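A single chain comes next, written as structure tokens; it is the form predicted alone.
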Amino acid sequence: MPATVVGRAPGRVNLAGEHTDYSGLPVLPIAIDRSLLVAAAPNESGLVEVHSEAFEGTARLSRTTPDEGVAAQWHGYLAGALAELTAVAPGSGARVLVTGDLPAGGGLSSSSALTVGVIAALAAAWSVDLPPEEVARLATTAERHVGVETGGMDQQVIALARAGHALRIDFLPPAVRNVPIPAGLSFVVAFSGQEAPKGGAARDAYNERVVGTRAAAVLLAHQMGFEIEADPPLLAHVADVDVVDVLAEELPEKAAARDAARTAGIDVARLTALTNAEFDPALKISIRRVARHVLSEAARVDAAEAALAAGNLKAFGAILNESHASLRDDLRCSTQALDKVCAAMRKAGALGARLTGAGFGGYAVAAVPAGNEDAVIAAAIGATGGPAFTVVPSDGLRLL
């Protein structure tokens, strides 16, 4: 049976606001001109069969018990998508083909593009009209099925972006606005030579930082004399206090989640509860450095938006450099390869460069004066072997 719907879900490059979304603090990403195409044809089989040109084998998942068919890591995203579609899209089965030019495993959000594209294409194939905001919401929860407690940045920009613009996303309260990219500014992305895996040690390291921000939030609130009532507690709940940056320097360098909870007088489960993963409450985790990065990075989102609005490309580049230094030194999610490719792109004329995505490998992004792209690309490839290429701020999700 021929496909009845094809969804185009682009990749994502984040410009500012890295590791802030799961703390309820703002981000400033773009959707890019590389994407996944998800073609879907409905049937009455009760199975969703998905073939991806990027991976070997075909996933065969039951609509009623999708988790039982997970035989490879990428199947977990499909199972999460089907689980979230259960309540909103009662279709029986489908055949799905995934293709496209978006690199997998490099931190350009191929997993989120897959999840968003599959949810949108299957819902449309089953005659369910989902607005892009709802697709993004479902996709965010779906991705947590694989055990990574992600925020909602990737899914929202993939669903909602507008060509020629970055998307400023706020989470508390929820809001989005388009930020025009000024003339004369180009973006180059470069692979570090190391994949950015979502499983294993990288998943645990990511979740450790999530729990670290929660512990920081309740300890800061405790210093200020109140308790955060919302669950999970987020740094966004204390970020607007004038002295929060000063108080953050008084946080413990490291502490176990159970000790932070005891100090704040709360149940430790409020810090360690994750959608589909376990977290050891006795594990000592970074708190002061994580809080320092997240709070300063949220401020850099405001500064980056202002620099773009003013057309101040030099200031924007400096913000990227500051962000990378914070990700390297405080959040500690950079690698020697990412540091090397960023340095090479700056030396070749980039205004600024930083890792993009969760880190631990993957891609870096450079802000480049128009006309200097080739030199920056050559320097990046010389540093790590590539690939490296320009990306263009593009539209989000489209059903074709």
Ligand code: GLA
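Values in this document were obtained by computation on a predicted structure and should not be read as measured data. The numbering used is simple: start at 1 and walk along the sequence shown.
The discussion below concerns the form predicted together with this ligand, not included here.
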{"query": "Listed residue that, although this ligand is not shown, lies within 4.5 Å of it in the predicted complex (heavy atoms), from 252, 151, 106, 132", "finding": "151"}
{"query": "Residue among 29, 352, 66, 357 with a heavy atom within 4.5 Å of this ligand in the predicted complex", "finding": "357"}
{"query": "Contact test in the predicted complex: residue 17 vs this ligand, heavy atoms, 4.5 Å", "finding": "yes"}
{"query": "4.5 Å heavy atom contact, residue 126 and this ligand in the predicted complex", "finding": "no"}
{"query": "4.5 angstroms heavy atom contact with this ligand in the predicted complex for residue 74", "finding": "no"}
{"query": "Touches this ligand in the predicted complex: residue 187 (any heavy atom, 4.5 Å)", "finding": "no"}
{"query": "Contact stretch among 178-186, 96-104, 243-251, 151-159 - heavy atom within 4.5 Å of this ligand in the predicted complex", "finding": "151-159"}
